[in-house]
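Next up, structure tokens for two forms of one chain, structure 1 and then structure 2.
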Structure 1
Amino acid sequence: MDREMILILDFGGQYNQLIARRVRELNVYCEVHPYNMPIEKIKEMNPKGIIFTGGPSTVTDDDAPKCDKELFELGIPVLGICYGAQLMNYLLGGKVAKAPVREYGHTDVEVNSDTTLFRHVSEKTVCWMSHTIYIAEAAPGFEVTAKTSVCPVAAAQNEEKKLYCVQFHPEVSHTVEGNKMLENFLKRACKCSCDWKMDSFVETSIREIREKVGNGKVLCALSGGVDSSVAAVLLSKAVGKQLTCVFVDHGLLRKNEGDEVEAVFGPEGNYDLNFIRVNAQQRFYDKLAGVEEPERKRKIIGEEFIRVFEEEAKKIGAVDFLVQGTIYPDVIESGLGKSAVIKSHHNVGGLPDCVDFKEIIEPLRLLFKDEVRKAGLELGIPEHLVFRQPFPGPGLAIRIIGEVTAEKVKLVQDADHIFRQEMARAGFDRSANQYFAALTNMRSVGCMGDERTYDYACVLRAVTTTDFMTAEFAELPWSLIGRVSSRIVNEVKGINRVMYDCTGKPPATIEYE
């Protein structure tokens, strides 16, 4: 590998994603691998530096995850963070013990700013601690470079061997000067030039994909979502017509979405690839007829999707590679040391079993969502696709309470379209992280002109969130909600009431099922 890279060895800590992210933000390419990666493999990779992550284990336990001691003899700079720091000291002869008091949260720390890691860091600074075990005595050859009122060894270094460790978490933003410390490690200890950029990601990936695929045939399930779109374009730039994208329109997409995907990826679009759109709307509606239970809907859609895809794959014949839009958070969720689970989303989850292929290609496997978006822009994908909000695999079926019918899909599509238009017009489309209209199963009496109506109520849902695990309802202006409400009731025949959902997650979920 000719680019400079940092290897992050994962000991199962909760901030592992963040370490990778910080290194990437400092313009150094990095990869995260399980702690037990064979030493030969590490030598082959020839990283400029290695970072040990934190982790939940107690290093003195027999079954605690440990690395090969030889790692410290390779001449490659190593930075141990939290558990990683304890492990480094423990393996090299230091003393690790239970701390007299547990340190958790913002903690004052005194650092020696004459040392590699803390150059240009204030002598008294604030760090983020989260530990019950600590380094009671640094390993021979190490000098202590930071301490707190509880921790005699909050950081230490063996400059000669280029080994550094910190008990706290420099990757967390609460460690006020953490970025500077990481930068010092990368620049001063590892001598990284810090010039890696997203365009080099695109360029390098294209080159690597070409080498890997050769003359092979590649198949991609395109959903129109950000991840699969970026993966498809990357592949198309690399191998052109050797790539076939299958886009299954299950009739549960947002208004006009099927046509929009076709306009970008189809024959009139911008890319060199084979595009197959399967209009399977009726098949899905037939299967969903009479089904009200949400999990059952999900299962039916997932199974039917696989069946449709399988039929198409058979028509194409044997393929060599299957493309997956797996991104880094999906990899992380798979847990310590295990290989990536394929996304549990219905539209990708079952594919490997139903398609005959030799290998999976996951070109985005090391990127975060916003990095995927950056790569998408770099690749010239239209902004409306790149900044598309998350959309569930089972689509509008989980935004319709009760039975799904073609008529109800049309109602929710039209209402949702109006809501999205008005959100964009009012400039709220980027401040709410996800927003949509859903259809309740409630019908009630209304009056339109002189006529009595007995129609559905729709719900507007808009949330702000960073991780989609928890969310707050978005505080939209009443004037905006009022405008959306009157447009929906006037323009969508079949809806006579509009409600705004002001429930957070928890206790509710974001979707409506």
Structure 2
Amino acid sequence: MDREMILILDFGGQYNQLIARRVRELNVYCEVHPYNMPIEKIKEMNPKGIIFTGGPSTVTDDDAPKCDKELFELGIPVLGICYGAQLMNYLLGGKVAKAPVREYGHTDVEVNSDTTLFRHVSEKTVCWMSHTIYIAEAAPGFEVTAKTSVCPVAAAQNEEKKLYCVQFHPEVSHTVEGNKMLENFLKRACKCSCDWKMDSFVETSIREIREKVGNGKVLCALSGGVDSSVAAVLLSKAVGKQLTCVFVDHGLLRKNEGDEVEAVFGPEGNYDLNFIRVNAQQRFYDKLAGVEEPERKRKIIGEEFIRVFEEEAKKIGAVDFLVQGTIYPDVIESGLGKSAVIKSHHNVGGLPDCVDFKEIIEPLRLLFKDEVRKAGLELGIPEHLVFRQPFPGPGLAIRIIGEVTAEKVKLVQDADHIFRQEMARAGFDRSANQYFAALTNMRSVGCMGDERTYDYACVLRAVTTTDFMTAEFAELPWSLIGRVSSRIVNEVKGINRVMYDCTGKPPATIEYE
């Protein structure tokens, strides 16, 4: 199927996949590839446009990532963002220098609204800046199209060669008219018709999976969460009975979740899947005994998952492919490429060096959570499954600070179950995008029934977000928080104190470890 495509070249910035998200929201298909993608490969892909992302490097350093200058002679429109803007100007003869005043955060920008990128954009608009290096002088042939009080070249263009650059980040929501700027690039510079939709992703993915797998056997890591469920149904539509879904109950799931997953995907469920449940609770508890460091816990759980799958694969015969429900926030936070490592995810950072499979398939690897949900609806998965609360692969192990034990798991399961019940009763289960209870390693003195207690403190966490890359804490009513707190302290023996987390992301992450 022929389709318009925007190529995004990744220079290592933390906002990189947000660019892809915005492009897709404007109904144009896009792919993210490394900055050093060969020119011949780019020509083969024949993109309608190219976007350079931001990045943490200083463009004048010898080891800074750089593209081939020939790219600017292909006649393909190019948009450089932040580091990408500096790189474009640096390679084409402009001057890049350390800014006299660092710009970070909301910044007033004056734009020329008669230019390609800024058509119908306010002449004075608010953009999100994040730089210490700036373009001191635009490259020959470029016209300056925007400036700030301290940045002489906040944006520039070479209309003849279809080259555009912006020092700020139009992809983040803090840039008030950023979507309009990106839409101008897609429609006015790249001449995109903007008619790609999620059903195109589903259709294309099914076809590509079918071609890749051929007659091979596929083993899917099914947790019952949104991501793995969508991945499983996508694979089942592509290869049918060649797929075996293995559900590992590692003893770190939410209350009653193991039985709920089996009820949905097992023999009595609605899906035509080969379903195997592996009860490995004690095996994981033994591996985690005495381990407190978060990264070690993640690595242990990730490796143990793979080992369980290898064992199951041997029981069912030769298996060619392993499927995982990895999504992009997992990838970017694990620090692949030049991005900084925030935390590893068991799907991407916890894989052992030797995996006994031909290849790993991650069909959702370039999607954000809301895009995964859209794909799920397109696949016909019921809404109550599609909008299920996000749950991390390592499970409650990263919602228990410190060592993981069966006793602690029971405490956090019961507290979390109460929180989810009360959120649903109060009608906040869909307005908060993620919410859960976590168990701290802090114990404190309490008084219950005229007796002294010395028990654990529990933390409630609820956030609102669209892409899970940034988030705000949910402003829940104190009456609701008080009701949850009262029930937990009264009903969960071993917890005598409840707190509510009022931290956004950043500076915190959504999960605790």
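Counting starts at 1 and follows the sequence of structure 1. Rigid core (definition): largest C-alpha set, two forms, superposition within 1.5 Å. Here the structure is a predicted model, which means the values were calculated and not measured.
Only structure 2 is derived from the form predicted on its own.
In the core-superposed comparison between the two structures, Pro394 has its Cα shifted by at least 2 Å.
Once both forms are overlaid on the rigid core, the distance between the two CA positions of Gln413 between the two structures is 2 angstroms or more.
After superposing the rigid core, the C-alpha of Glu177 moves by less than 2 Å between the two structures. Taking the core as the fixed frame between the two structures, we note the C-alpha of Phe275 moving 2.5 angstrom.
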